[in-house]
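Single chain ahead, by itself, as structure tokens, in the form predicted on its own.
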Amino acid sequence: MSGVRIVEVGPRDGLQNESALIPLDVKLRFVRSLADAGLKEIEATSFVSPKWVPQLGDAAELWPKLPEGPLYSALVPNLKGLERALDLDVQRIAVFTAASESFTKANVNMTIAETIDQFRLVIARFRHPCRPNWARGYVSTAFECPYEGRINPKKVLEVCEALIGLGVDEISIGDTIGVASPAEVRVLGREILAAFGNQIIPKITWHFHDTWGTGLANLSAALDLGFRSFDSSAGGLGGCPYAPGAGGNLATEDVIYLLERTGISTGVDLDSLSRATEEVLACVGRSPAAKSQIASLGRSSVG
């Protein structure tokens, strides 16, 4: 087994909901540590209004200072955010919708259809034949919504189809509140394959949260179906302000350990990765919580 792709979302999704503002230099050292550990794709920030996400209000300062090496992407919520990103020559963007009307309304105060209409304008403005450009579409609440309950897989397919119609390069399927089971992942994964064929596999990334401890099992279920692309967050940083009780993202350390132990090479050094979030965690007043991170740090201290 080979070719598994890890997209590190800690600097954006992991930090965006932290109330304690993390200094720019700490964020830059965090990203540098992730890159030094071997991560090749990093979602670095979001060009959202600082009024709504103060933690990422320094996006314009951070972007030009990012260390060379990885492919960096940024979330853009609308045309205004895109213009800010284009001013900094951002070449990889992500847009965000959901499979739940209630969640979309709570998150961005729009219907799903309105988000698609907005993103049509964003992606059309972003595409340029003389400039590298790559776009991702997030589909949040793909399994369950904190307001509507379980989501019918057919709804997820409808949103995926709409995003494909916009010409996105990939779609990230999100278990936003971290409640899905491997059986549900298999059902949705098979529905996606039946609707779009195996050629969709390179365009699908899975974004699991680990609220109920099923994140790794869900990743394994997706692997078994042939999917090879996954989002994760160093240290399990992250959560969802619109999903009460939602835990953090699936920890990159746990993903790397599972893959390497399974015989899938990732090119990521687990011990280096486990130290990458130490300064960030100190800023927010928390201790390491990801199991593989704790084990790796413990092994290092004994060694």
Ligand code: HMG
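Start at 1 with the first residue shown and count on from there. Quick caveat: nothing in here was measured; it's all calculated off a predicted structure.
Here the subject shifts to the form predicted in complex with this ligand, a form of this protein not shown in this document.
- With this ligand left out of view, the stretch that reaches within 4.5 Å of it through heavy atoms in the predicted complex is, among 151-159, 218-226, 194-202, 70-78, 70-78.
- Of the heavy atoms in R186, none are within 4.5 Å of this ligand in the predicted complex.
- Contact check for R120: no non-hydrogen atom falls within 4.5 Å of this ligand in the predicted complex.
- By the criterion of a heavy atom within 4.5 Å, L86 is excluded from the residues contacting this ligand in the predicted complex.
- Put simply, H207 is close to this ligand in the predicted complex: some heavy atom of it is within 4.5 Å.
- If you take 27-55 and check each residue for a heavy atom within 4.5 Å of this ligand in the predicted complex, you get F47, V48, S49, P50, K51, W52, V53, in sequence order.
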